[in-house]
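One chain comes next, on its own, written as structure tokens: the form predicted alone.
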């Protein structure tokens, strides 16, 4: 029987191979003469989910990567390069990075690189090859576990095509260096920053210097600003925003209005329910709001009613987004504190187009009766309750031990 797959055009076969890890794509070369050199034309090099357990495994992995790159010397440029390596044995980072830098330089020098994803889980902080940050063809850049160091940092940055930037566990010398990096990405659309670290101990970021800086094309942002004060003006144009507010700016006159924001996720509310009212004031088109208390009291224990010190007072006016636009409100890790109950009551009372209110409560089943008795401005609003055990610690509401009940608008 004829091999129907091998009769397909090269470009289709290369497209199929691009979904495989590079090791699997290379293995197809033994299938037949038709496949022997086909993998060399695949514009994707994916060395992901690689675990190095000892020195011998390290040598094998390095030899494989070098052989793949050398074999592609006359092949088309690489558009997608992913390196995801976990080193599970003691290996000094200075012995690893020279090879990694050579691999990255090889790909960059060929030109045309659009997607770069680097994850180096090893001892120490490997230094990021600085020439990555001057690659004008990059469209997406994802980095994890790197130190960014260069004395000429601001002068080498140029990422005009970059639309996606994800940074996790990245250490900068100064906060200014991080801002210079953002300034080098004028067309950025998707930003994720998590666990950024800085060598300077004090927050030396000048608010005056960056107060007018913004990313006008940014539409999606996920910001964990626990370790530093992030200039919120940068995010003013986003449509979707996720942020941890444990140490973030409070919403006030210095915070811009998010005119395009329709979906927001907030973590670590820490028993500050009045903060949500400020959110409503600054997000006139907000349609979906997801809030996770995820908080601990001063003794680093989950909130209890003895910590209930918030004196809730209903605002004198109802923000536009609450009365005209809010359709979904999900409140997780609810402990049954008065501020939480009054916030839910306030939303039910004033959200005229609310369709769903989902409450995930930790060991407080009586919340169902309390919230069900509150008046609702929306006749189509559906209340859903998820009951979680006291020792619940998952980041998601989905749990085998969780009980979920729903109450329709006619309850």
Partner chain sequence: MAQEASSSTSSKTISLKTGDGEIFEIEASAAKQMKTVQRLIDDLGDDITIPLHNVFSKELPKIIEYYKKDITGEITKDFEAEFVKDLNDDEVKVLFLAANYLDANKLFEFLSQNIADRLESKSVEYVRKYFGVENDFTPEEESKLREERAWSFRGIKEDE
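Since the structure is predicted, the reported quantities are computational estimates derived from the model, not experimental observations. Positions refer to the first chain, counted from 1.
Not on display, but discussed next: the form predicted together with its partner chain.
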Quiz item: Of 365-373, 380-388, 342-350, 30-38, which is the one stretch near its partner chain in the model of the complex, taking non-hydrogen atoms within 4.5 angstroms as near?
Solution: 30-38
Quiz item: Honest question, do 19, 26 and 50 all end up within 4.5 Å of its partner chain in the model of the complex by heavy atom distance?
Solution: yes
Quiz item: Closest heavy atom of residue 71 to its partner chain in the model of the complex, within 4.5 Å or not?
Solution: yes
Practice problem: Evaluate residue 67 for contact with its partner chain in the model of the complex, applying a 4.5 angstroms cut-off between non-hydrogen atoms, and reply yes or no. | Solution: yes
